[in-house]
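Next up: just one chain, as structure tokens, the form predicted alone.
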């Protein structure tokens, strides 16, 4: 069985801001629609805090949550570490999207081949930032403007 494709999907502003107090600092319906379109019927890996910020597990996706403390929850598979999550994702066989938060993104940057970035227009305040990244290590494969953001798909060189 081949390993699934691994990708990061993130919305951030030009300062790499991704969150404030466990929430997105903006509301962009078109970005949420894109997120749903790209991740539905696939596997998503997230940290405990990201999972707790959701109202429920994401529908029509395999939800894997990285946590050493979270108990079993309906609609999610709790994995104690990244290797366990990757083995679980490999068994599922779907493309895999890392959806946050910062610590998960930091770990995923070393292993993903694709980044899906929604560059949110505007200036916001918050307390969570995407890890430092050198975009010269990435090729732009697709880009398009949408309502309130610019979507860019990058491929690792």
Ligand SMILES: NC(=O)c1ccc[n+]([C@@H]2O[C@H](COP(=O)([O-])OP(=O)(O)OC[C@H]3O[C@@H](n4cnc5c(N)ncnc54)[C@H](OP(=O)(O)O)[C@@H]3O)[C@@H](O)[C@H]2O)c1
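Positions refer to the first chain, counted from 1. Computed from a predicted model, the values in this text were never measured in an experiment.
Only in words, not in the display: the form predicted together with the named molecule, which the text now covers.
Distance criterion of 4.5 Å from any heavy atom to the named molecule in the predicted bound form singles out 68 from the list 91, 33, 27, 68. Of the heavy atoms in residue 104, some are within 4.5 Å of the named molecule in the predicted bound form.
Though the partner is left out of this view, residue 128 does reach within 4.5 Å of the named molecule in the predicted bound form, counting heavy atoms only. Under a 4.5 angstroms non-hydrogen atom cutoff, the named molecule in the predicted bound form has residue 23 among its neighbouring residues. Shown alone here, residue 86 lies farther than 4.5 Å from the named molecule in the predicted bound form, counting heavy atoms only.
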